[in-house]
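Below you'll find only one chain, the form predicted alone, shown as structure tokens.
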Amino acid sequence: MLTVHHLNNSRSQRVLWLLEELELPYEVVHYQRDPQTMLAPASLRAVHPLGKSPVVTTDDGLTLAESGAIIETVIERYGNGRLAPVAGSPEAVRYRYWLHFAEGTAMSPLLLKLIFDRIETGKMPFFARPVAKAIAAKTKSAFIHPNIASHLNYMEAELGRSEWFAGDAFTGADIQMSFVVEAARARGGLDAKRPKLMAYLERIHSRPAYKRALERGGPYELLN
């Protein structure tokens, strides 16, 4: 049986969703972020040296980390042809692209926005606050916001080509991209001005497997 080492409000939520879509038996070991630092607990380092989530362990001693690698490996091992396009097809090329785009390109400016938002509102000496706020505001307006907007426009256009990111069929690429789109909705300015992305969120949130994964994973603040 697979074991998911699940950190609250993290990328590991989509791994639970993957396993629910494939109807695989699994168990969940829950970890909670430090409420002050929002970092993962040190106990996760006993599972993987980087101490991050998601991590999946198998009965045969394999330890899998990185969301995209987990999704790809689990689908190859246990999917039996589900959630991945036929090898060599145009959809397979798109599938692999979106698996990598999610973390390789799309998440970077969203993460930077989270960091610089905290710089603007974080505690610091009063004399440093104006300088920090000015640097954060300039960085966001000159680099972060334009990149987020560019990525969202691109994703919106791509969903104009097909219902799902890799084509007309739902795949693991959509599971991988879900965290990106949810993060963009929560803190990246995604709204009704991009109706295809908003409709995509509605489609994934209505899937029974997605709902079951939320029950297993617990509170997930990106939906608030």
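Bear in mind that the values here come from a model prediction, so they are computed numbers and not experimental data. So that there is no doubt, residue numbering starts at 1 and follows the sequence shown.
Below, we refer to the form predicted in complex with a small molecule, which is not included among the displayed structures.
Given the stretches 154 to 162, 36 to 44, 188 to 196, 22 to 30, which is the single one in contact with the small molecule in the predicted bound form, using a heavy atom cutoff of 4.5 Å?
Stretch with heavy atoms near the partner: 36 to 44.
T3, D59 and R77: each with a heavy atom within 4.5 Å of the small molecule in the predicted bound form?
Result no, not one residue of the spot touches the small molecule.
Contact with the small molecule in the predicted bound form for G51, defined as at least one heavy atom pair within 4.5 Å: yes or no?
Yes, contact at 4.5 Å.
Contact test in the predicted bound form: S67 vs the small molecule, heavy atoms, 4.5 Å:
Contact check for S67: yes, within 4.5 Å of the small molecule in the predicted bound form.
Would you please decide whether E120 lies within 4.5 angstroms of the small molecule in the predicted bound form, comparing each non-hydrogen atom pair?
E120: no, not in contact with the small molecule in the predicted bound form.
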